[in-house]
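Next up: a single chain in structure tokens, the form predicted alone.
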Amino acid sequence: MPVIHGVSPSPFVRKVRVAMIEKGLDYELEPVMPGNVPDSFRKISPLSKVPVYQDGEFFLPDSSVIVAYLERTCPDPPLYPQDARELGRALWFEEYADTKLVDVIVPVFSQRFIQRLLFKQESDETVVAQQMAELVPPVFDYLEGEVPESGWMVGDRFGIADISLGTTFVNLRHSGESIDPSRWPRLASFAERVFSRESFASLIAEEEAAFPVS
């Protein structure tokens, strides 16, 4: 059975887990905390990042690479569009989520979740306030203009764009923050649609049970 090396609160590990659930693929989760990883892990993940996909002696790092591999080896149901332009947009939103959205959300998550819950230290609310007031809004403004009024990001079919954006919004949720529906109504509705999908809902429930914030 394939093994996913990583920890569930990572948006990138969750991204791969959602993809595997959507495709009906069984797997085992081998906990690996990102950061100060052992040398043995660096051998299978040269960037020292999670997740890493393992199937026997085959190892594959990086969430985007892993999901693309899964799409080729298990094409149904598809998570990437067939149409060239739709594929381009889906890949763009995947990249935007994995870089820009993560950049503005993870500092909030690090303070509210990692520092407070895992390290039992006080969060730096100055960092949280700055992120939420200055750095998050431009990103949400952009996405608000791209999200359809209903349905999914590309081609009105759930896929990689929705998974990539949604997994980082889960980290925002774990941080005790949410998308203001009065300012970003489409984006807020989109996040709720993602959260209510079974593949996401099951992992959110698992994570909240394992890491209660309150």
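Residue numbers run from 1 along the displayed sequence. The structure presented is a predicted model; accordingly, all values stated were derived computationally and were not measured.
Keep in mind that the form predicted in complex with a small molecule is missing from the display, and what follows is about it.
> Does each of Ser110, Gln130 and Ser178 have at least one heavy atom within 4.5 Å of the small molecule in the predicted complex?
Replying inline: No, none of the three is in contact.
> Taking the shortest heavy atom distance, is Ser48 within 4.5 Å of the small molecule in the predicted complex?
Replying inline: Output for Ser48 is yes: heavy atoms within 4.5 Å of the small molecule.
>> With the partner left out here, check for me: in the predicted complex, does some heavy atom of Thr167 sit within 4.5 Å of the small molecule?
In response: Close contact is absent here: in the predicted complex, Thr167 is far from the small molecule, nothing within 4.5 Å, heavy atoms only.
> Is Pro34 one of the residues lying within 4.5 Å of the small molecule in the predicted complex, judged by heavy atom distances?
Replying inline: Answer yes; at least one heavy atom of Pro34 falls within 4.5 Å of the small molecule in the predicted complex.
>> Since only the chain is shown here, I'm wondering whether Ser64 would be in contact with the small molecule in the predicted complex (any heavy atom pair within 4.5 Å).
In response: Output for Ser64 is yes: heavy atoms within 4.5 Å of the small molecule.
>> Taking 4.5 angstroms as the heavy atom distance cut-off, pick the stretch from 23-31, 146-154, 55-63, 159-167 that is near the small molecule in the predicted complex.
In response: Checking each option against the 4.5 Å cut-off leaves 55-63.
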